[in-house]
Structures are given as structure tokens and as C-alpha cells.
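What follows is one chain in C-alpha cells, specifically the form predicted alone.
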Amino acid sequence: MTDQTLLVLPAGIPWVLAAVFALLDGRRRWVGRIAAVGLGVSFVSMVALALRVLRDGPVEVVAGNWPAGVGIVLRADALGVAFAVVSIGVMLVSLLYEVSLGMRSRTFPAVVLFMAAGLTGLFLTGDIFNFYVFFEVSVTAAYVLTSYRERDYQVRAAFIFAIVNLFGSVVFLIAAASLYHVTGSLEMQTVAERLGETSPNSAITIAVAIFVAFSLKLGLFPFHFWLPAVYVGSHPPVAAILSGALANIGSYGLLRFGGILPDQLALGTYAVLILGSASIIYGALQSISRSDVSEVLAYSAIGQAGYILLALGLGGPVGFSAAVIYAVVNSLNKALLFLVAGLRGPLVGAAFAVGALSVAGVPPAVGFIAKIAVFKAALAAGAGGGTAGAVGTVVFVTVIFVGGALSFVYMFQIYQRVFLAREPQGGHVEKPSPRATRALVGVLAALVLVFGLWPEPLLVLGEEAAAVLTGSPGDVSGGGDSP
């Protein structure tokens, strides 16, 4: 199979399937199953592409053989495929989960496929304008998903989600237009090369707009105000998709554009570090104060995103690698926990415990590896005498440990309330969830443990993605030295 075919398949399959399934009734079980098979094929092709990229380097193709700068540029590098694989994987598990429960809407399979198409294109594009187009496709599909089952509170959550994300989209569009104005191009490599020749004030303003847009998508403090209502009001597989796949737009955007705007990221390092630390502590404290499992997980998402921002602010190869590793692990954790929260029956509590230990950073779950990576980034920044310094290193290491300890507290609280202290009300015992759904979360929990016991593939992926951002040979979007 040629490199071009490997690159086009993961992006093309969801588009074709989404167009076909938009005409079918997704409530029919066979429709959902075929959609899941198609998304599974896309996922397998994405894994094959990731292996090819990690082995031989980036793959690039211009759609329709148009000249570069005119046609749609698809480009797969280690950073893009890392986010694409985990996002499509989370969506596949969530779709299978809903198929096994029985779908309530005819549009659900098609909407999931449209989002998969948008996310795949976003992670595999080398052009900022196409990034925005795929960005909008993904978010538009998310608007529909948040109102799934059409209950009053879900419709209200969908409205909040639409308004906030529309604002974020407008801010990013303004930033993209400004980049074109000051550089004369929207191709990521060219933009990164020409930004050094532009006015520092213009570049800083653009960087701030991009940071605000993606912080809104990720739900970082203080841009988090929309997130709890949306996550709490969403159906479990929808919440898993929003937190484990769609939120990766924010993580990926901050990392990708941090590589394109390295000097501006360096200037804003302290603000990034402060906001990351504030998100960690705020999310954890809010989670401890909540009793509903969905609310706990929603505020936990805010705190866990803070580790990604903290690693980004620490910068350098170690910091960028930690940010990628934590983003991937956080996607797995949130998908597992949101899916488990809607289930009952044997082994469900064990699966939740695995996810809880991973969020808290307790071995052998993979969350331990992610927190160690951020811990190493803080030490490396301090040892280099740069961003953190001795005092800063102590502060950030303390934040990491305190955040982990608070995570353990709120995860233990919710486990105790939901799985240990549950008593039948009026003699009624809840009916176990379908075996297929419990099997799915069991596989996801096993994966969290496997990567915790065998983290080498994840570490290699993080290192290769960091090399893209620090401008190693073969990179097109790294903008130079790290902070």
C-alpha cells in the first residue's frame, strides 16, 4: 500500500460512510453495526498510518494533485497521528457501546462518522484554513450529539455548548485571518517561517486569540464555565466522545500552534503555567465538593486538562512529550470513566477502579506514567535554569503531587458512593447492563493497565511528537526553539 493511500484512507473512509449513513435510519441495529465496522476499518488504517509515520517519518499529499498552497494538504506526522488514533479509538468504543444499548436516534451513527471525518482531517492537515474547516465540521456534529435523546436538560446543554463554541470558532477564525494578513500564507510551514519577520505586537495578539480559542475548547480554568453543564447533561457515550475525542481539538491546537508560535509561547510561559496550575487545583477542589458522578467527572476534566497546559508551559522536548502523553492518557481515562458511570453489574466497579487509579496517577494504571512524565518535565525545566528555576520547580512539583492526592480523594469518594455503598431501594436491585457494554469497558480498562505495565509505545509516541514541535529534521510546523 502506497504512502498516499495510507494517508487518504483514514480521512476518506469516514466521509464516504457519513454521507451514506445520513440517508439511513440509525435506530436499526444493522445500520449501527455496519457503521461501527466502517469506523473500525478507519481506525485500523489510522493505526497502520501511525506505524508508518513512526518508522519512516511524515507523509504528505496534496489532494487532486493541485499545486501546494492551492489544494488541500494532508500531512501525517507523529503529533497528528497520536491524537487521531486515540480520538477515533474513543469514538469507535462509544459507538459500539451505544449500538449494544440500542440507539434512540436515526442520526447518531451518521453524526459520529461526520465528527470522525472532521477530527481526522483536522489532525492530518498541514493548512490552517483546512484546519478551521475540519474544526467546524467536528464542532457542528458535536452540537447535534449534545442534544441526543432530546430531553430538556440535554437541549439546554446543547444550546450552551453551541453558543460558547461558536464564540471560540469566531475567535480562531479571526486569528487565522490575521495570520494570513501578516504572513501571506496559511500553510503551516510557511507561516512558521515568516512569523519571525512580522511585528512582535501582531504576533502576540494572534497568539493570545489562538490560546483563548483552544482553551475554550479544552475547558481550562477560567474558560471552563460551559463544561460542567454540557458533560453532566450528556448521555454517557456522548460525554465520552466530547471528553475523550472532541476535547483533543483544544490539546492538539495548543500544542500545534505552540510549535508554530514558539517565541510567543515563551513570552507567555508564566501565564500558561499559572493557568495550568490553577486548573489542576480548581478542578480537583470542585470535584471533591460534588456528589453526582457526572459532576465529579466533569470538574475532573478541567483539572486533568491543567496538567497538559502545565507541561506545555514547561516546554522543551521533555515538556512537549509529557503534554502529548498526558493528553492521550486523559482521553482514555475520561472515555472509560464516563462509559462506566452509566453501567451496572459485575466487573463494572473494577473497571471504574482502574480508571480512578489512572486519574489519580496510581500504578499500575497508565495515569502513573503520565504524571511521572509531567513531573520529569518540571525537574528538567528547573535543571535547565530556564522557565521554572529552583523555586518554580518546587512549586510545580508540589502542584502535581497535590493535584494527584486530591484526585485520589474525589475518585475514592465517588467509588465509595456509587459502587461500595449502593443499597437496593425498596428491595429493588438494579438490572445489570448488557454484557457487550460491560465487555467494552473491560477492554478499555485492560488497555489502561497494559499501557501502564508496558509504556514504551506511549513514550516513543510522545518523544516523536515532541520532536515535531521542537523543529527536528523533517518537521514542517515546528517554529524553532522551545521556551
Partner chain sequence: MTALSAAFSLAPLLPLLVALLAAPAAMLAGTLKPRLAAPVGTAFAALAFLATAFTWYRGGGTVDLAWAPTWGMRFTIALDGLAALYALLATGIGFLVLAYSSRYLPLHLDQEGRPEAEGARFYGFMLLFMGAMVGLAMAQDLVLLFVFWDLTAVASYYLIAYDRHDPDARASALMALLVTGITAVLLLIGALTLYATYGTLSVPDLAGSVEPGVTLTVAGLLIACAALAKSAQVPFHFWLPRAMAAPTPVSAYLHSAAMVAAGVLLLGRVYPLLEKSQFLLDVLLVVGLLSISVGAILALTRDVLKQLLAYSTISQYGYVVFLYGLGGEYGAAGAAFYVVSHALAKCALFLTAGAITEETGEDRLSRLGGLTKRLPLLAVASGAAAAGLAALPFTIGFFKDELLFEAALERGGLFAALSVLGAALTIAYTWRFWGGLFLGEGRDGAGSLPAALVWPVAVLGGLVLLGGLFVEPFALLAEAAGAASYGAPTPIEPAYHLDLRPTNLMAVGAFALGIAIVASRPLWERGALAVSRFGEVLGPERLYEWGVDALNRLSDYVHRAEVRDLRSRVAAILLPAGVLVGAGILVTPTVGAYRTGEVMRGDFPLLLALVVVAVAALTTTFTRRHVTLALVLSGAGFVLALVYAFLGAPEVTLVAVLVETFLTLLFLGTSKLIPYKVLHDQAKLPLGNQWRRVFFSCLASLFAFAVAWSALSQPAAENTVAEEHVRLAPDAHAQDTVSAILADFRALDTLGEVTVVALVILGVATLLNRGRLP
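Numbering follows the first chain given and starts at 1. Fair warning: this is a prediction, and the values are worked out from it, not measured in the lab.
From this point on, the text means the form predicted in complex with its partner chain, which you will not see here.
*Asks:* Is there any non-hydrogen atom of residue 169 lying within 4.5 Å of its partner chain in the predicted complex?
*Replies:* Residue 169: no, not in contact with its partner chain in the predicted complex.
*Asks:* Residue-level contact is defined here as any heavy atom of the residue lying within 4.5 Å of its partner chain in the predicted complex; does residue 27 satisfy this criterion?
*Replies:* Contact with its partner chain, yes.
*Asks:* Just checking whether residue 253 would be counted as a contact of its partner chain in the predicted complex - the rule being heavy atoms within 4.5 angstroms.
*Replies:* Flag for residue 253 set to no.
*Asks:* Is there a heavy atom of residue 224 lying 4.5 Å or less from a heavy atom of its partner chain in the predicted complex?
*Replies:* Flag for residue 224 set to yes.
*Asks:* Only one of 95-103, 327-335, 190-198, 253-261 has heavy atoms within 4.5 Å of its partner chain in the predicted complex; I'd like to know which.
*Replies:* Contact criterion met by 190-198 only.
*Asks:* Work out which of 266, 293, 85, 216 lies within 4.5 Å of its partner chain in the predicted complex, going by heavy atoms.
*Replies:* Here the answer is residue option 216.
*Asks:* Since the partner is left out here, which residues of 344-373 would have a heavy atom within 4.5 Å of its partner chain in the predicted complex?
*Replies:* Residues within 4.5 Å: 353, 357, 361, 362, 363, 364, 368, 369, 372, 373.
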